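Just the one chain here, laid out as C-alpha cells, in the form predicted on its own.
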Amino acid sequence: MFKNLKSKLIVLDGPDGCGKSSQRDLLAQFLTEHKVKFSCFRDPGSTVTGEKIRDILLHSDNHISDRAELLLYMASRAQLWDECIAPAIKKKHCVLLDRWVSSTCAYQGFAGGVGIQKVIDIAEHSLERVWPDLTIILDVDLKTAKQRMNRSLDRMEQKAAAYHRKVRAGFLKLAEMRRDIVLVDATKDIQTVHKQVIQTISSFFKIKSK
C-alpha cells in the first residue's frame, strides 16, 4: 500500500524543539513495519564533510553571519545529495530528511533578514534539487518548544526568543507559498503528532489503507 513512496524525498522540518528527530524515528519505524525500503539522513550532516560543517555551524563559540550560515548549509547539502540522497533515490528508497532548504528559508532567509527568495535563488544555483516531494513542517509555539529542550543548547538554539519567533513565522509563510509544504500541529503528544504525520503522507501521496 506504500509503494507510492519509492524514490520519494520527504523532509521533516520546523522550529527548534518541534520534535523532528522523534518524529523521524517513529516514521522510520513505521516504514520498516510496512516493508518500505528507506534511507534516513540529517541536514547538515550524514557525510564526513557535512558533519564537519555541522560542527562549525552549531558550535556555541563560533560567530557566523547569516549569509555565511546560508552558504555553509548549501555546501553541506550539495555533498549530502551527491554522496547519499541521489544514490538512495536511484535504489528506489524513500528518503527521509531531518531539515532541508525550508530551514534556511525560515532561519537565515526570514529570521536572519537575507530574504526567502534570495535563499531560494542561491539554492537553485547550488543544489541538484531544491524542493522535496513533500515537506512536513512540525509547527510549535515558542513556549512549548522551550519546555522540550531540556538539554544543552547549540549555537542556533541559543539565539534570542525574538529570533525564534521570526523563525516560526518564516516557516508559516513558506507553507503559504508552496502546496508541497504541509503544516502539522506539533504541540500534541508524540503519538498524536506521529498519526498526523502518517495521515499527511497518506493523503499527499494518495495512499489508501487496505
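What you see is a predicted model, and the numbers here were worked out from it, not measured in a lab. Numbers for residues come from their place in the sequence shown, where the first is 1.
The following text describes the form predicted in complex with a small molecule, which does not appear among the structures shown.
The stretch that touches the small molecule in the predicted complex, counting heavy atoms within 4.5 Å, is 50-58, out of 30-38, 137-145, 50-58, 172-180.
Interface residue remark: Trp100 is counted as part of the site for the small molecule in the predicted complex, having a heavy atom within 4.5 Å. Using a 4.5 angstroms threshold between heavy atoms, His93 stays clear of the small molecule in the predicted complex.
Taking the partner from elsewhere, Leu26 is found to have every heavy atom lying beyond 4.5 Å of the small molecule in the predicted complex. Looking at Met156, you'd find a heavy atom of it within 4.5 angstroms of the small molecule in the predicted complex.
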